[in-house]
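Quick heads-up: it's one chain on its own, the form predicted alone, in structure tokens.
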Amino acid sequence: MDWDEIYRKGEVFWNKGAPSPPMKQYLERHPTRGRTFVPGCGHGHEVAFAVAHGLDATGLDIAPTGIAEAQALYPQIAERFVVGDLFNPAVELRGAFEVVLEHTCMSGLPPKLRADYRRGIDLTLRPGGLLIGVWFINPDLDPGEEGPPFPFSVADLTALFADGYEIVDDYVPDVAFGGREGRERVRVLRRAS
């Protein structure tokens, strides 16, 4: 999938122009500190919210156009947005983060890339760190449509992080973007020390 072309065409249907309501609610309710990583940050709404909330956040996206648009939307934190590949993160990103904020990155990946996603999280999140995820479990797809977003069951989520992570929090959020009510799950995982 050519993510940069999708940005160039303006076909970023997942961009709602604001941070994820469940992510925002979680960070407002749970004091979170540390260097923070947002993979697949797109237009950077979660990065901007995290920074405003006192986190030292960096957003990564494989699409240069998406990063340029994030920098234009949030010029005061433009240096916090970097072009890169989660599956092969730059040396300075490896083991650099105490927190990873997940929203829409995983759901945009075909199921065959989920192990690569897990490896990217392992490469960037420090032992003992938190993976705070708003996981798009049950997107509203037309019959026969595969995605993106790709459905990602709770059982699949559990299996993907069964080894090396413990579940810290897990619930269906009571806030959501319109159309996503009851389709997402907040699951927070702590990487083993």
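Start at 1 and count along the sequence shown; that's the residue number. Note that the structure is a prediction, hence the values are computed from the model and not measured.
Below: the form predicted in complex with a small molecule, not depicted.
Novice: Using a 4.5 Å heavy atom cut-off, state whether R80 contacts the small molecule in the predicted bound form.
Specialist: Answer no; every heavy atom of R80 is more than 4.5 Å from the small molecule in the predicted bound form.
Novice: Does G84 reach the small molecule in the predicted bound form if we count a contact as any heavy atom within 4.5 Å?
Specialist: Contact with the small molecule, yes.
Novice: Heavy atom to heavy atom, is A68 within 4.5 Å of the small molecule in the predicted bound form?
Specialist: No - in the predicted bound form, heavy atoms of A68 and the small molecule never come within 4.5 Å of each other.
Novice: In the predicted bound form, does I62 have a heavy atom within 4.5 Å of the small molecule?
Specialist: Yes, contact at 4.5 Å.
Novice: Within 4.5 Å of the small molecule in the predicted bound form, counting heavy atoms only, one of 120 to 128, 161 to 169, 54 to 62, 25 to 33 shows up; tell me which.
Specialist: Single hit among the candidates: 54 to 62.
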